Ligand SMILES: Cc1ncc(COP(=O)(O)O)c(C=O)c1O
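Only one chain is shown below, in structure tokens, and it's the form predicted alone.
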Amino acid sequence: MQESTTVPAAFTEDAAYAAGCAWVDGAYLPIADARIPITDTGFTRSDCTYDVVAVWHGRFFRLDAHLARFERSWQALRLSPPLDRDGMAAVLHECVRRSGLRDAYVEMVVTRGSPPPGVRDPRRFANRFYAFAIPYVWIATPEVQARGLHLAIARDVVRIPPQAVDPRVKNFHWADLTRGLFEAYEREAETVVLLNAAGEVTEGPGFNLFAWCDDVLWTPAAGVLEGITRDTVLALAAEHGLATRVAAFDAALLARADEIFLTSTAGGIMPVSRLDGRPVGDGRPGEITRALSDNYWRAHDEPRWSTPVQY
């Protein structure tokens, strides 16, 4: 990895960046003008990794944790980005600063890059770093969260096994998740969770899952992205004396859970009110879910969890 933190100098916020700002090939661009080369193997082969961090009320939430996970991911894929972590952090801050966004969805991507002419050896590719900031993205809007999501358990597709694609490395291999989504839509649900080949609960399109059952907060141990929001929930639960268990469990536990919720940087803690067409608990967001969600959003303003953007 090249130890470089060189980035173009900052300049005054411009209205052209109001919809978002991207970093491509060493330059900042309005999001509408951002492009990648069509031969980049991040596009042609999904040979890349990415991470997403939120800005809320003008503060990055757990930026260091996201950058640390991103580094583990690119190292696992044997990628060598052209910027070090400090350089990446500077780019992310500047993308947000230029956009002027106070609530933002900020993504960073490292790809294998484009192959030299006639070369197929991935060790010889020049890896690339991209980043962008856009207005905050919700998997489920606050209005949907208020009544709870309708979730389906996929029947016709199982999660890609970790031996094939490691879910701990954030990736764009969403073929199984997208198939599951269409199955959920056909069953009049809004999103989906996939089981693995052994019938154990894993994750869904861009989120981890929790179940409050038998006075214990459960979340799958394996076959899932180790989400930063998931980690935050486990920490908040411990602070408030809730019993937690990170372990394998099957759909039967979900079916008898008093509460179910989903977690993601894009949406926070999202209650589930219906599972496979049946009410979860009394069919409304539960007390545990609501309390954790309130604490989660309050944490975004706490210095121990967040970093201010220098606008």
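As the structure is a prediction and not an experimental result, all values here were calculated from the model. Note that residue numbering follows the sequence shown and begins at 1.
There is also a form predicted in complex with the ligand; it is not shown, and the following applies to it.
Participant: Tell me which of 206-214, 149-157, 115-123, 193-201 has residues with heavy atoms within 4.5 angstroms of the ligand in the predicted complex?
Facilitator: It is the stretch 206-214.
Participant: Work out which of Leu177, Ala140, Ala237, Met88 lies within 4.5 Å of the ligand in the predicted complex, going by heavy atoms.
Facilitator: The residue from Leu177, Ala140, Ala237, Met88 that makes the contact is Leu177.
Participant: Could you tell me which one of Gln145, Thr219, Thr229, Ser73 places a heavy atom within 4.5 Å of the ligand in the predicted complex?
Facilitator: Of the candidates Gln145, Thr219, Thr229, Ser73, Thr229 is the one lying within 4.5 Å of the ligand in the predicted complex.
Participant: Within 4.5 Å, heavy atoms only: does Ala189 come near the ligand in the predicted complex?
Facilitator: Ala189 lies outside the contact set for the ligand.
Participant: Does Ser264 reach the ligand in the predicted complex, with heavy atoms at most 4.5 Å apart?
Facilitator: Output for Ser264 is yes: heavy atoms within 4.5 Å of the ligand.
Participant: Is there a heavy atom of Arg59 lying 4.5 Å or less from a heavy atom of the ligand in the predicted complex?
Facilitator: Judged by the heavy-atom cut-off of 4.5 Å, Arg59 is well away from the ligand in the predicted complex.
Participant: In the predicted complex, does Tyr28 have a heavy atom within 4.5 Å of the ligand?
Facilitator: No - in the predicted complex, heavy atoms of Tyr28 and the ligand never come within 4.5 Å of each other.
Participant: Heavy atom within 4.5 Å of the ligand in the predicted complex: which residues of 181-197 meet that condition, in order?
Facilitator: Nothing in the stretch sits within 4.5 Å of the partner.
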